[in-house]
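Heads up, the chain below is alone and in the form predicted alone; it's given as structure tokens.
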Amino acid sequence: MISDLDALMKARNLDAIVVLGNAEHNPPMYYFTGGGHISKAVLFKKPGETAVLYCNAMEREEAEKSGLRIIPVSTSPLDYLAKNPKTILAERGITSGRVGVYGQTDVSMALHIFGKIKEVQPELELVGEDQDNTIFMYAMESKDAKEAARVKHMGRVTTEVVGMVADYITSCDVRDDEVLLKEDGSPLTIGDVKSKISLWLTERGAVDVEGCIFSIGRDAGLPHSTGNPNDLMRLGETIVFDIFPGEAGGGYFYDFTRTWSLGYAKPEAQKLYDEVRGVYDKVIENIDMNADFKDYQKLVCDEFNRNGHKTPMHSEGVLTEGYVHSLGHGLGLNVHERPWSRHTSSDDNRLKPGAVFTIEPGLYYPEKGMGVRIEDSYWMRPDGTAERLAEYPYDFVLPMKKWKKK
């Protein structure tokens, strides 16, 4: 939680931190400000002290909503820092020691700013961190009830839109060659469906920040293929629908996946789905508070390996089929954050109280034209219950309303 930042700074010997960039879609800045139209800002914090936010004077009222101490300047705060580094650092009492740097802004501008700082304060050590394990990733790892409620709300929005997609595509007419048709009689494409998804999310106050995965056939066998917009929607092909929208303004995300086959399923695809569902259920049945997340990755790898699939634990090199990824990840202001479930992850990646995390086993065979993934997001409640944050059916075959198998 944000209250842990002081202790994390001290543990890493950071005498101060500086966060750069907009308040929206910039998790470290959002964590302090709560979002809002605050652009090219600069934030300083020292252990035990309240953060100070330099903002453009034209955005001062937006900045004041953060509850932080604000200092309005007449230009871009990033430009202001680049032109007045010694004055600003002196104002903040930062003249020596280790300063952690965070946030999102243009790389060239960041190098320019930090070059100017080193010119006037060469004794300062500017510290970067591994993106997966910054002090912010550790602080964000545990969510309070209010944060979990925001993720849960996004889950309700997400599953509502998923239900709308299912209703839309199963209501389509079907051509003799099993291609779905739009209302005007033209073929329905992946791009058509994704346009609907973006619209329906926007209407509900959510944003398709990083796009979504809606892939069919061979692309469903490539875990991060977002889907070819020109591909036609067909019966009997596996469809991986992985949707991870965020709150408008750069807030909390949800992450959710279902795999569908319209009208009917090919026997080999049904078998693959049943294996993934069985492993998913076994993981959920065994989730415990404070457990090491990677233990469940090991469980999944062992189960899939027994069924003859390649896994990261039982194969060398780059995997292109079988179980090719880790079981899940933390979720919050980032789509992917701590705790991590890779079998090589450190032992401190635990499902501790307040953790919001995904469970998403999958199997992928692109050359066979199929892939399957099932994913839900959970919150580890303080009482030790792993609460699924949105409910949605696990049906693999979706019956078509206007078509029956011959």
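Start at 1 and count along the sequence shown; that's the residue number. The shown structure was predicted, so the numbers you read here are calculated from the model rather than taken from an experiment.
Below, we turn to the form predicted in complex with a further copy of the same chain, even though it does not appear here.
K.L.:
Of 132 to 140, 278 to 286, 145 to 153, 179 to 187, which is the one stretch near a further copy of the same chain in the predicted complex, taking non-hydrogen atoms within 4.5 angstroms as near?
P.N.:
Stretch 132 to 140 is the one.
K.L.:
Looking at 267, 128, 308, 163, which is the one with a non-hydrogen atom within 4.5 Å of a further copy of the same chain in the predicted complex?
P.N.:
By the 4.5 Å criterion, the partner-contacting residue is 128.
K.L.:
I need to confirm a contact call. Of 198, 170, 95, 315, which residue comes within 4.5 Å of a further copy of the same chain in the predicted complex, counting heavy atoms only?
P.N.:
Filtering the options by heavy-atom distance leaves 198.
K.L.:
Would residue 84 count as a contact of a further copy of the same chain in the predicted complex, using a 4.5 angstroms cut-off between non-hydrogen atoms?
P.N.:
Close contact is absent here: in the predicted complex, residue 84 is far from a further copy of the same chain, nothing within 4.5 Å, heavy atoms only.
K.L.:
Is there a heavy atom of residue 388 no more than 4.5 Å from a heavy atom of a further copy of the same chain in the predicted complex?
P.N.:
Residue-level check for residue 388: no, no contact with a further copy of the same chain.
K.L.:
Heavy atom to heavy atom, is residue 59 within 4.5 Å of a further copy of the same chain in the predicted complex?
P.N.:
Result yes; residue 59 sits at the interface with a further copy of the same chain in the predicted complex.
K.L.:
Can any non-hydrogen atom of residue 210 be found within 4.5 angstroms of a further copy of the same chain in the predicted complex?
P.N.:
Yes - in the predicted complex, heavy atoms of residue 210 and a further copy of the same chain come within 4.5 Å of each other.
K.L.:
Each of 299, 328 and 343 near a further copy of the same chain in the predicted complex, meaning some heavy atom within 4.5 Å?
P.N.:
The answer is no; none of 299, 328 and 343 reaches a further copy of the same chain.
K.L.:
Is any part of 101 to 137 within 4.5 angstroms of a further copy of the same chain in the predicted complex by a non-hydrogen atom, and which residues would that be?
P.N.:
Residues within 4.5 Å: 101, 102, 103, 104, 105, 106, 107, 108, 109, 110, 111, 112, 114, 126, 127, 128, 129, 130, 131, 132, 134.
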